[in-house]
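Only one chain comes next, encoded as structure tokens, the form predicted on its own.
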Amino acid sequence: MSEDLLYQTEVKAAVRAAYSTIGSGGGEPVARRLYTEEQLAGLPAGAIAWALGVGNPVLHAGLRPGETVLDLGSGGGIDTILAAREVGPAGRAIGIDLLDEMVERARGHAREAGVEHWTEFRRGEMEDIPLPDASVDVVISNGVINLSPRKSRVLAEIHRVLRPGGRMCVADLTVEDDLPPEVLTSDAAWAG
């Protein structure tokens, strides 16, 4: 048996624990900072309340009607719902999240937004995306890839599920300097 030098099990447990205990997302202040008024119009209050992202990948993804979009780390569903609006009923929006609670919450928000017939939420891990090869046109993600201890594995999975000519649009956090050991070993830092 090989030793897990990346502490993947511990990191995933810390992320799972952090996100399963929060009572809500960043809410309207975060949503108003990241999304346009047109995007927010008609969104369910719950989807806005659970906004946890760091950017607006849907705005920059160039989504077209009929495309299939995968949202990695879909959380409460705000980006998946916005993507579903862009691709319309001829397309498909799929959200993947680590937590069953988020998947259920997002399904309810999609139903309330009226996009449930072409929107799907699944429980899954971004290092092992539960979709077939070459099955999506666009992958979006909003502040989630940074939570993985195996970012190269996430990117390999994105490549695997994208169709030839597919694209990705990611909003995320990066670190440009070395972090002190107390931050590198902090569960809160990994989950935050």
Ligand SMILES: C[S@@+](CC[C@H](N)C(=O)[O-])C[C@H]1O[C@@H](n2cnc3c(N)ncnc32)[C@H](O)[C@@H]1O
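Note that residue numbering begins at 1 and tracks the sequence as displayed. Computed from a predicted model, the values in this text were never measured in an experiment.
One more form of this protein, predicted together with the ligand, exists but is not displayed; see below.
*Asks:* If you check in the predicted bound form, do Met102, Glu125 and Val144 all have a non-hydrogen atom within 4.5 Å of the ligand?
*Replies:* Yes, each of Met102, Glu125 and Val144 comes within 4.5 Å of the ligand in the predicted bound form.
*Asks:* Name the residue from Leu43, Leu52, Val161, Ala61 that puts a heavy atom within 4.5 Å of the ligand in the predicted bound form.
*Replies:* Checking each option against the ligand in the predicted bound form, the one that comes within 4.5 Å is Leu52.
*Asks:* Do Val87 and the ligand share at least one heavy atom pair within 4.5 Å in the predicted bound form?
*Replies:* Outside the cut-off, so no.
*Asks:* Would you check, heavy atoms only and a 4.5 Å threshold, whether Ile78 touches the ligand in the predicted bound form?
*Replies:* Within the cut-off, so yes.
*Asks:* Does Leu98 make contact with the ligand in the predicted bound form, using a 4.5 Å heavy atom cut-off?
*Replies:* Yes - in the predicted bound form, heavy atoms of Leu98 and the ligand come within 4.5 Å of each other.
*Asks:* So if I measure heavy atom distances to the ligand in the predicted bound form, which of the stretches 62 to 70, 162 to 170, 144 to 152, 131 to 139 falls within 4.5 Å?
*Replies:* Going through the listed ranges, the match is 144 to 152.
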